[in-house]
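Take a look at this single chain in structure tokens; it is the form predicted alone.
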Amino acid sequence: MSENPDNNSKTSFQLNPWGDDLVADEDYIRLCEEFGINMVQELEIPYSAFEKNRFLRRKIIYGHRDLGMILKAIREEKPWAILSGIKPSGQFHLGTLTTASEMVEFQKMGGKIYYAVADLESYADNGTPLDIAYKYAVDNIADILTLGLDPKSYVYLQSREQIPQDMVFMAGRHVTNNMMKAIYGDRDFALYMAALVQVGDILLPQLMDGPMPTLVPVGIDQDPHLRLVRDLTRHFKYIKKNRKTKKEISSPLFKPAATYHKLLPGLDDVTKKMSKSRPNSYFNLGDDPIEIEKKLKRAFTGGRGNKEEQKKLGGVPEKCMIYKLLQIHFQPDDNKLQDRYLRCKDGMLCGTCKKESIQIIMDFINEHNEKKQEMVPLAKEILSRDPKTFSF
């Protein structure tokens, strides 16, 4: 995140979807105010949504754009879509696990998932050849299937899907270089093109299957993509031919909705984002279990300066990476999570908590990886399906 050079306001920020910057806790509200993101706490959400979605229930999702439109579709039993994706440049890590798990939680609420494997963006950003990206894609999709992705979801590779590819030209007619620079900063032109491909990804559910509310769950760093596509949506329509008259009928599209979760800090430093440049800041689900345990043992905690202060004042779970991992990913039982929170506040020593928590985390990872192996053939089958044909 950096100050926006095209805005003289001292509070103006520019989010970088391809960067490693961590948004400070005190900046989230400022970003919401600056970019027009609404707070989830101000929205009337039915109990059934909290019951099915732990990201809402545990307040991991804090901001939104038009989430009320999705809740209205659920209430009226009308179709709605969830659009998400992954850049296939490596194994599943804690950051990708967050968005994928959030998507699966929304699936429980009745949305149909459309999932983009962003191999074109991976090439533009990381230089990953398409054949290598495909191998990562198989591995990534197997992970998501293990998390609960419905195999009937529409999963596709950008390099094989016409809608996002054509969108570079179609959306490109409505943007200028200055506009892209104002949103994303001064980037390689390939990244601007990748952003236009993502416009196609986000609008794909409606362009393919007709107008319907579409939800895009993301971290705050991805908001530039949402602002771009919401601005461009008015230029596109769903076109369908009447079988009897052969006439074309066009319908306007819904502006895509979005939910926002906070970015997960690094295991080793809560003031910095997870980054490959700092190996101890993250781990992949497929890493050597011994190495994962080592990183967890060294993870930053919310403990006090010494044993006496810990027992007297209690710990600070809000600043503890071990507690954050349990809250977001590895402890599905709300009662057990609450019990750990209270025990920490009551003075439980970090050594005791870490030992218990690491066992919970490793049990989850080991079980996940065992089930994942059974999903690899299905992942390959899903990625081999022919994409639906479409043209503007």
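A quick note: this is a predicted structure, and the numbers were derived from the prediction, not measured. We number the residues from 1 along the sequence you see.
Beyond what is shown, the protein has a form predicted in complex with tryptophan (TRP); the following relates to that form.
Though the partner is left out of this view, V218 does reach within 4.5 Å of tryptophan (TRP) in the predicted complex, counting heavy atoms only. Put simply, Q198 is close to tryptophan (TRP) in the predicted complex: some heavy atom of it is within 4.5 Å. In the predicted complex, none of the heavy atoms of P256 sits within 4.5 Å of a heavy atom of tryptophan (TRP). Contact check for I183: every heavy atom lies farther than 4.5 Å from tryptophan (TRP) in the predicted complex. Of the candidate stretches 147-155, 231-239, 183-191, 117-125, only 117-125 has residues whose heavy atoms lie within 4.5 Å of tryptophan (TRP) in the predicted complex. Interface residue among A133, V104, I163, I86 relative to tryptophan (TRP) in the predicted complex, by the heavy atom within 4.5 Å criterion: I86.
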